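The data below hold one chain only, encoded as structure tokens and taken in the form predicted on its own.
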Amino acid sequence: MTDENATKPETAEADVKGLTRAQIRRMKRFDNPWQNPKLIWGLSMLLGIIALGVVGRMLWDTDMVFTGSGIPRQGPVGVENLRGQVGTWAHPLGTDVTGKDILALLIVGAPNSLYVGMLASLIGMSIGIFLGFSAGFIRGRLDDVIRVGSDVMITIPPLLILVVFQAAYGDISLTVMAILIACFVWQSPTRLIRAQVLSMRESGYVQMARLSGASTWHIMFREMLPNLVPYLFGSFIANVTTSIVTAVGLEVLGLGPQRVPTLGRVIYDAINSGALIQNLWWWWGIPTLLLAVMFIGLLLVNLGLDEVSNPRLRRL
């Protein structure tokens, strides 16, 4: 009995130590971004879409996005369409009404959609960083103008303005569409950065930089900007999602680039050609699923970055 009682505290202590070690390992996993599961899964999804565009062009004939080389309305491999035709490996994801290969459309269209979102977000973030730092650090009338301007722009529905603009000017390139969308995604990072700069401008290291004779631009972009990197990454990912949703919304309405395949354009062509009525689910369903994977990947990256940068979001 004595031996058993003597070993119980040791076992309990070992269990406590084991739990503590597990907690420590979990905390290290949160601190290290390359061990955060959400961040890893999100990046894997996004890199998979990029790889689809890069590797897919090497392994698959993407010229089939412009030429109807297959049987129209053919289903994916093993799927029988309304005409009794079974899909083959020549077109593993099926074809549209003109015989264009769906896989080729995805290989070209998915990276294009991601490109528009990332370019628009990058431009919007650049504008937001400059205006947010200027408003929060310099203050004065400049702060009033930037703050009022961002408040006014937030109230304007971007999709409506972009619809009117593109309906007036017709076909545009992917880069032009990204620039147009960027004009409506700079407000959120501007407000976020301004709020953070206002709380940082009176901190000790900023005061020391001022006393040392550092210039205003040096203090803003060399002393304060590195401390805002986690917020900037989170805002960038959120803006990528917003930009892609806006671009897809325009394309589904039949606007945006007319000759460049994107996921939104593929869905528009499917709807416009009656794919829903003809039960050509692979034409619109697979691009929609790929868009969902893209959005989930962006969400997981955003959540992972939040956990890495904000200890209060970590759960043991």
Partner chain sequence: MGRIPLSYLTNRVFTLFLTVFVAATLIWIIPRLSPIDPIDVMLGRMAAGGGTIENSEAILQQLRESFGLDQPLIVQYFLYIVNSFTLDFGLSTASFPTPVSSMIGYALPWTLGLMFISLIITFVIGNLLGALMVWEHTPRLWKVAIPAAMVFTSIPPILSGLLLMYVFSTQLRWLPLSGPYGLNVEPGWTFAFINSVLYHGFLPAMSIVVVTFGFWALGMRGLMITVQGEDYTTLAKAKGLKPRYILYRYMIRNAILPQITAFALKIGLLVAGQVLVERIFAYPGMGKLLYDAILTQDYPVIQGVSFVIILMTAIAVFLVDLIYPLIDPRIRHGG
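Here the structure is a predicted model, which is why all the values come from computation and not from measurement. Numbering follows the first chain given and starts at 1.
This protein has a second form, the form predicted together with the partner chain, left out of what is shown; the following refers to that one.
- The partner is absent here, but in the predicted bound form a heavy atom of 167, alone among 167, 86, 208, 229, sits within 4.5 Å of the partner chain.
- When you look in the predicted bound form, the only residue of 126, 241, 216, 203 with a non-hydrogen atom within 4.5 Å of the partner chain is 241.
- Looking at 126-134, 192-200, 103-111, 159-167, the stretch with residues near the partner chain in the predicted bound form, meaning non-hydrogen atoms within 4.5 angstroms, turns out to be 159-167.
- Taking the partner from elsewhere, no residue among 62, 98 and 178 has a non-hydrogen atom within 4.5 angstroms of the partner chain in the predicted bound form.
- The partner chain in the predicted bound form is not approached by residue 80, whose heavy atoms all lie more than 4.5 angstroms from it.
- A residue is said to contact a partner when one of its heavy atoms sits within 4.5 Å of a partner heavy atom; residue 288 meets this definition for the partner chain in the predicted bound form.
- In the predicted bound form, the partner chain sits within 4.5 Å of a heavy atom belonging to residue 249.
- At a distance threshold of 4.5 angstroms between non-hydrogen atoms, residue 279 is in contact with the partner chain in the predicted bound form.
- For the partner-free chain shown, 272, 276, 277, 279, 281, 284, 288, 291, 292, 295, 296, 299, 303 of 272-309 come within 4.5 angstroms of the partner chain in the predicted bound form, judged by any non-hydrogen atom.
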